[in-house]
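Taking the form predicted on its own, here's one chain by itself in structure tokens.
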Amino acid sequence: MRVLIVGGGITGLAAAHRLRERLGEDAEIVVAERSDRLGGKIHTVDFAGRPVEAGAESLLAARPEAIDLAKAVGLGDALVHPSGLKPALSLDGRLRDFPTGTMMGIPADPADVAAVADVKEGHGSDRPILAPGADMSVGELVRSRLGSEVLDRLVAPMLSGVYAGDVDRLSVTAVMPQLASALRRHSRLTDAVAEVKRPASGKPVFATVDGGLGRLVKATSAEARADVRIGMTVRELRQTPYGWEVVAGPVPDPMKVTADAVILAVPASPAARLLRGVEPEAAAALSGVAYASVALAAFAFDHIDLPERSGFLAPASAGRAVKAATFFSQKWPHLGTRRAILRVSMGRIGDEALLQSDDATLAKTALRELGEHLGQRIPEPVAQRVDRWGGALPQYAPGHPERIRAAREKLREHRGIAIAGAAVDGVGIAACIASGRAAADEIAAQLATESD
């Protein structure tokens, strides 16, 4: 029994690990990764003598999948949590406390955000905000129900930090599924938020691995015991009477790999290309997923005066390239205090021209704007690096969940094929792990039925 997983990011590795659990030692699990390393958007580097994330920064501990995987691969004792420092909003030339009691910046009580935004709570009919099966953009929802200031000053910076997205093009159902469910029962947005907002538990929301998230990649790969093929590009996918066949490798020297089942754990565009000859409707659904590109600049300082915060978010209305900054060494105390390390994030959907600047220009822009946000002259860093993530963050337009559901229904007609990853099930390491494990469960169940 052989399963081919296309994509060696955390989605594909989580799928491989789950398949090993479900199918046992006799199964052959092949992971094809076109780049020169595993991990995808997880990339830990040595920077200024510390392991620093050049991509995804942390695990969402508020949902179980990432924490469970870390424990399953032997990293439970290596999990560490951030300090209790709070993030700030950069508004009107100064840093302000980010209001508590919100869900992605949307308040359950308008009084909670009155210090930073003028709330204009509107109320339409007594019917629920969302009808069954309906969807809308986050921008339309918040602007119409709470006003533009809540959207521009609170919600947009949050979603820009997570998705680098445009609130008027992001689906409520995809971005906040629990809230969307409550919107089908409530006529007031604040009531819906109050229903689903988690009460403060005192438990950390985020976590990471001491030594870097790259350890999670390596441990998961090791525990999966898969046949990992680095630098292998899968170019064609065909269904045969006996399963599946892919064409991989360079065009002048192609190779064929057969498998009983295939999991596509790659971004939307390559997944759509591979599916075009297999299931055109599923390919069309994936080809409609747009992506935003971002750049991360990291700086190390021997001496810098930082406020007692974990970082800040900035609204697009500020007119700056920098949308967020993490005071990395303050947020993660396990790194020690020998040097201050900051990560600065730049790039929103439509900002591709900015990211075409060279590294020196991007670093200079980040330092200048960092000083403007902090109200001080930033000293010369002792180390710096810039990492670009082209097409890093999928953008879920209204109707995305329904389109993906329909695509999966069409793919189930073919058996032995599944899709997974951020392109379909949400950004973030925990979401990707959940998606990979779900795809593995589906494939394992199909293979078990066929074996019986």
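These numbers come from a predicted model, not from an experiment. Residue numbers here begin at 1 and follow the sequence given.
Although not depicted, the form predicted in complex with a small molecule is the subject of the following passage.
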{"item": "Listed residue (Gly243, Gly347, Pro267, Gly214) with a non-hydrogen atom within 4.5 angstroms of the small molecule in the model of the complex", "value": "Pro267"}
{"item": "Partner-contacting position among Ala117, Ile341, Val193, Leu296 - heavy atom within 4.5 Å of the small molecule in the model of the complex", "value": "Leu296"}
{"item": "4.5 Å heavy atom contact, Cys432 to the small molecule in the model of the complex", "value": "yes"}
{"item": "Proximity of Arg403 to the small molecule in the model of the complex, heavy atoms at 4.5 Å", "value": "no"}
{"item": "The small molecule contact in the model of the complex: Val6, any heavy atom under 4.5 Å", "value": "yes"}
{"item": "Any non-hydrogen atom of Pro51 within 4.5 angstroms of the small molecule in the model of the complex", "value": "no"}
{"item": "Heavy atom contact within 4.5 Å of the small molecule in the model of the complex, the stretch among 281-289, 67-75, 165-173, 259-267", "value": "259-267"}
